[in-house]
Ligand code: GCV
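Before any questions on binding or motion, here is one chain by itself as structure tokens, the form predicted on its own.
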């Protein structure tokens, strides 16, 4: 038996090794199991499949299991109707499966909830079986993907006792896609949604997108840009959205849309969009009814209002709660929700832009409808390489808050730089807010356990486009994957997520996994060092945000770099202490006290909260100036280390993806040097201090870097 599987395995391995690897399969490659002993273990443990249920979701879960096992194990696992021998996988719910109903799983399934599942070894009529059980067909599907992940990552299935359920209810991607198929802050081609061909033509890629999301537990997709276009709410476009929703539904994915607040005027021909005007409220109610006629499981609306020029309730002297509640009332009869973004700041430059969201939303706590979530960016500015956690987390106990994480690398090298974002997400989610005393991380705020909220959610700004490998950079796929895993369980570690992704995407060879994992886990800190060390922020080029721009001083003050770094002859940094903007007051004690003092403030946020003298001694014993130069230089040298480590991985990676990453790392080194040299030369005009010994000297003059223009930034029109 083993010999037969071995021969079949060798044949499949030989064939697949000849195929070009373009990255389209993402982490669902289902490569043949290369460990012969493990292969024998799997084949001995799995002899048949019994999927019980008739829904389209159960059908696709069954097909996924069958196809995945066939490829990985080198033999087709038959579908069976009875448990006549050991090793049958029984998948279903207590309602669909008499076998599952007969087992004592009631307590375990009660904890699993609507979408969770259990995977365990059991016995039925003296036969050893593997159970994948859930309360819903969607839960069964998620369990199937988990089981396949066990095989993909070469784990034993002889002792299974897995209980998994999502910690957040709504786990969705925010697509910043426009109706002309351009993608704001998108670096991987055009939008997936081909509106011109919809609803008549629905391509295979929509299904593949839904399948990839389902495999990591994502259950929602906001199809349109937060800088919304009211046309998406017209009948013709709703029909197009419905065609997408029909593809997504079997994968338990709901569609959501962004609602332009002025839509009643723009497409409804009303004279006002005042949320307290009965005619406006009625218009939105009828519009919601129309959408639900086309899409019965429509998820609801995401809204950006009164920010960066977008219309909103404040145009009519109304509050964010007035606007959100009006929309919430429109979708509530259908079970819909409203996600209202807290990313707000106006044209009147405040003393500190970082404070504005907190100031506007905290007084509204408890004034929002039960089906409203406030969507809060991980930090108080705008997806910077490093920010402190947003002070709103924990500050609105009567209102469910959902984090908005950016998967697309707007400020972290687009789809050119290798930057694994799970450490950034984890840093935020594990930050202790002290909202409920010590041990109250952001994760506990957003998963509802702190304030007993039933409606919970997490959003990620998508990095997906229509390029063949979906995300541009092969490693950028890991950020999509990491978001999904953390949305399901915000307590996961970056290391575990990276380990899974590498094994599913590249190789299970331990020596390669450990090397690549270290590259990934270090990559975010490397980028911070060559871009914005020690708490610097918002010093990028003003238009594309790709390269450095600490010299940017024109336009709106809170869009300039000088507004944030405030470098002068004395020092550098934004004073947010009680003697400055007092942004620290928005945090709970003792967090505010830690941030308040230079000696206790984490050095990686020092210049975020303090204006620090150039000669200030850091814990390393070096002056601020010397340490800043050292961090910039170490960032560049660390990119070279990434190149070296990737070179050592060549034998484990297919040639196509190996060469692609190798070429991108060359660009990343170039960009890191530009960041380092431009920033050091610019800040040196204030510090008047020499560049320390041992640090590479800039190759060009400051004038060169100030006038440098990139010609190869993905997604940027020139």
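Please read all numbers here as calculations on a predicted model, not as lab measurements. Residue numbers count along the first chain shown, from 1.
FYI, the form predicted together with this ligand isn't displayed, but the following is about it.
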Taking this ligand in the predicted bound form as the reference, which of 525, 596, 410, 426 has a non-hydrogen atom within 4.5 Å? 410
Could you work out which of 615, 289, 279, 382 is the residue within 4.5 angstroms of this ligand in the predicted bound form, going by heavy atoms? 382
Taking this ligand in the predicted bound form, would 237, 240 and 297 all count as contacting it (heavy atom within 4.5 Å)? no
Determine whether any heavy atom of residue 227 comes within 4.5 Å of a heavy atom of this ligand in the predicted bound form, and answer yes or no. yes
Is residue 489 close enough to this ligand in the predicted bound form to count, meaning some heavy atom within 4.5 Å? no
Under a 4.5 Å heavy atom criterion, is residue 251 part of the interface with this ligand in the predicted bound form? no
Test of understanding: in the predicted bound form, would residue 537 fall inside 4.5 Å of this ligand by heavy atoms? no
Specify the contacting stretch among 477-485, 410-418, 94-102, 364-372, defined as having any heavy atom within 4.5 Å of this ligand in the predicted bound form. 410-418
Using a 4.5 Å cut-off on any heavy atom, which residues of 145-160 would contact this ligand in the predicted bound form? none
